[in-house]
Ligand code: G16
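Starting off, we have a lone chain in the form predicted on its own, written out as structure tokens.
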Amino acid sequence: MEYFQLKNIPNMKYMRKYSDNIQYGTAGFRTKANALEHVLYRMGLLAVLRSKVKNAAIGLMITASHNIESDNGVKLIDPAGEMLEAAWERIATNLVNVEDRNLVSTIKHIIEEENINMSVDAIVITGRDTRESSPTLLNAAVMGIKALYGIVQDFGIVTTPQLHYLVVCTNTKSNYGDPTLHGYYIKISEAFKYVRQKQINNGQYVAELLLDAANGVGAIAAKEFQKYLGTTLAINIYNDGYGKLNFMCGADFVKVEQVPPVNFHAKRNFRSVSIDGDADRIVYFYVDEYEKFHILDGDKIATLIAEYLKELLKESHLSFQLGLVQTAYANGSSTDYILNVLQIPAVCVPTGIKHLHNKALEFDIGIYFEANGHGTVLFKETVIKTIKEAVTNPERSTNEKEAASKLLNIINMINQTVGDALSDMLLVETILHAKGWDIMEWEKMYDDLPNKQIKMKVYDKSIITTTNVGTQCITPEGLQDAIDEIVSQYKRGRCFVRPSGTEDIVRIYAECENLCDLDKLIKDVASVVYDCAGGIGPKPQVF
């Protein structure tokens, strides 16, 4: 390894200015934006090394998703559009936290340990969200990329799912799609219009919705989609970028608070959608004639998709292993419905998209969604090949071929690389249109158990450790016993505590059969967590 290849690495502008360590998690690095310049510079360096190892383009996305506007973050995207592999998460964490004087030696160590051929060309595809800090952080990343002679392909302001799409398209030489934003919009919108045909409305379904875009990049993408969709779907956009990013709006706010977003003119019994700041989460909701709020979250979306795919497989006489992957945040009623009504396998994995994605790959068709609305559907290549053959098979009936053709277009409508709020939205709209359902009919699939989630600040979130996919506390000692004692007093009660992967908080989730008991259940659990884990400030009040 010749030193001249590393001579440009030391850069006085991007020296480490903060002593606190930062961890690469499921969401990559995420913290206050003013602490991230050196992180972005070093992630630019790492992206080049990763590209050389994989001999493929790597993505670098600058976003803090549903976090507040003053935060920002960065994550790398592997060649197939997937999350960075776990071993390199550890490498990233180490690289970002080493002292400046050890930066070059750490890079040398990575090169030697991973046996990286530095003569291989490196391509890094970059994108950013709409945060004020993102251009500055992009410049830092680009400087890191160029310091190791990497090639930058910058797509500017894009949603996180769009960057995942662009990475996989670049590396598959257009087999997945055209590696441009136009290619992204045209692939998904044309599939949507094909399945819908000329029938815009159907039964109780009306082709119009209200969209809360969280004042993020999703507003830009939604407006662009509207150009491609034409009259097939009217999207009325609120929180379209003129307000504060993710402030009292967006999918995370609507899901946790279970109220409509601000600056949103909800029509009674009208289909409404909320996405998050980087457009990878989605929830549906409506307000009824009595002004009661109703939410249809990731669980409802997953079950709707599962039922529809099962119907299409039956109509096309195709047999594949269909499975659904959830986390502990999934409502208990949704799991019961999947297993007992749909009779589809359902498995629970630890929180984090990488866990859901990896488990979904084990099925022929794997559906995965977190309750927060982050999810997608994965199809094995052998499944896609079989469906294509069914479309053109002269021995199959017209109905079978039509169902198979719908399946193919559904696959094109789905962004399989990662949860994509706008792709998922069009898929849900397709299914509701096919069934002739309004949002109230969809909600009737099953009744959610009353549930609530709250956040609590603690001095040290690492005090709480968990097992059994994050549903049982190992430490502090005695905490789980206290939670179990409280939960046992409630019919169909369930509650768990989980430390956040990105914030100095713990999240508490609870559900039970009776709505009137829910606040007391979660308040009592929050009280014992506060006492055992050292909460900050007054004990949480639950209303």
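When you see a residue number, it is the position in the sequence shown, counting from 1. Remember, it's a predicted structure, so these values are computed and weren't measured experimentally.
Another form exists, predicted in complex with the ligand; not displayed. Remarks below refer to it.
In short, of 41-49, 509-517, 64-72, 485-493 it is 64-72 that has heavy atoms within 4.5 Å of the ligand in the model of the complex.
In the model of the complex, I464 stays away from the ligand, with no heavy atom inside 4.5 Å.
Contact annotation for T26: at least one heavy atom lies within 4.5 Å of the ligand in the model of the complex. The ligand in the model of the complex is not approached by T386, whose heavy atoms all lie more than 4.5 angstroms from it. In the model of the complex, no heavy atom of H433 sits within 4.5 Å of the ligand.
For the candidate set P450, G352, G177, G243, a heavy atom within 4.5 Å of the ligand in the model of the complex is found for exactly one residue, namely G352. In summary, among the residues K255, H374, R271, R128, the only one with a non-hydrogen atom within 4.5 Å of the ligand in the model of the complex is H374. Shown here without the ligand, the chain has only R30 in 28-46 lying with a heavy atom within 4.5 Å of that partner in the model of the complex.
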